[in-house]
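Presented below, as structure tokens, is a lone chain in the form predicted alone.
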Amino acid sequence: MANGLRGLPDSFLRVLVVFLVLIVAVIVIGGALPTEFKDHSRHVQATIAREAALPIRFAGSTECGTCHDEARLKQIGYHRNLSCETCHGAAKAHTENPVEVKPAAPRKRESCATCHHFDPSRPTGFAQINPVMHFPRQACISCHDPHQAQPPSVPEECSACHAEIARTKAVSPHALLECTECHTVPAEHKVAPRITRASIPTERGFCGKCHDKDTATLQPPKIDINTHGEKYLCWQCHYPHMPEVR
């Protein structure tokens, strides 16, 4: 039969039947659901009641500060945004019976490596080490106080944190240039690299000191700084640390 009821195509009727079946199914399932599944306020109340019934295990860092000076020292260090119980475990029982119940005190290297083992996905400047090479078999706390997490000495070379950039720069045309030729590096950058940043060139004329056609230097490639690249900064097209930079 080429046409269905009232001249409608069979394909349209089949879609209509499926649509009606779905509507009926939604109505039936909706009627069978418990009231708290359909009433948002009751759902919220049930969730709160369920969570409130769970035993309280964590005390919170504020509670730690009432007895421990280390908690106040931590507030001015690099671990200031890290809860005490992240390393020491749930401490509610300790606050209720501090003499007999002691929180965990991690001493092994693996504890610190949970966050500080090298991971390329972590942000630049985050303290990372290779546990196999970095003072092997020594406890981290023998050099680092976790409550005032500062290295005993700050890195003197850029490659200590920027190893990947240093490796590519070493085979680039800029291999013989010191990093500080192009970057101003404040002393505080070595201590707090994510807060105090090293500078990058912000004017075309900076690269033009070596690459403009009117400069006296002979080796670098020359361009007309006034017309080449229009308004864009040089490093937006020519990444200076890469071997392919031209």
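Position 1 is the first residue in the sequence shown; the rest follow in order. Since the structure is predicted, the reported quantities are computational estimates derived from the model, not experimental observations.
Not pictured, yet referred to below: the form predicted together with a small molecule.
* Asked: Since exactly one of Gln219, Ser41, Thr47, Thr35 fits, which has a heavy atom within 4.5 Å of the small molecule in the model of the complex?
  -> Of the listed residues, the single hit is Gln219.
* Should Lys213 be counted as a contact of the small molecule in the model of the complex, where contact means heavy atoms within 4.5 Å? -> No - in the model of the complex, heavy atoms of Lys213 and the small molecule never come within 4.5 Å of each other.
* Asked: Given that the partner is absent here, does Ile225 sit within 4.5 Å of the small molecule in the model of the complex, heavy atoms only?
  -> Taking the distances in the model of the complex, the answer for Ile225 is yes, it comes within 4.5 Å of the small molecule.
* To do: Indicate whether the small molecule has at least one heavy atom within 4.5 Å of a heavy atom of Ala105 in the model of the complex.
  => Although the small molecule is absent here, Ala105 would touch it in the model of the complex, with heavy atoms inside 4.5 Å.
* To do: With heavy atoms only and a cut-off of 4.5 Å, decide whether Tyr78 touches the small molecule in the model of the complex.
  => Output for Tyr78 is yes: heavy atoms within 4.5 Å of the small molecule.
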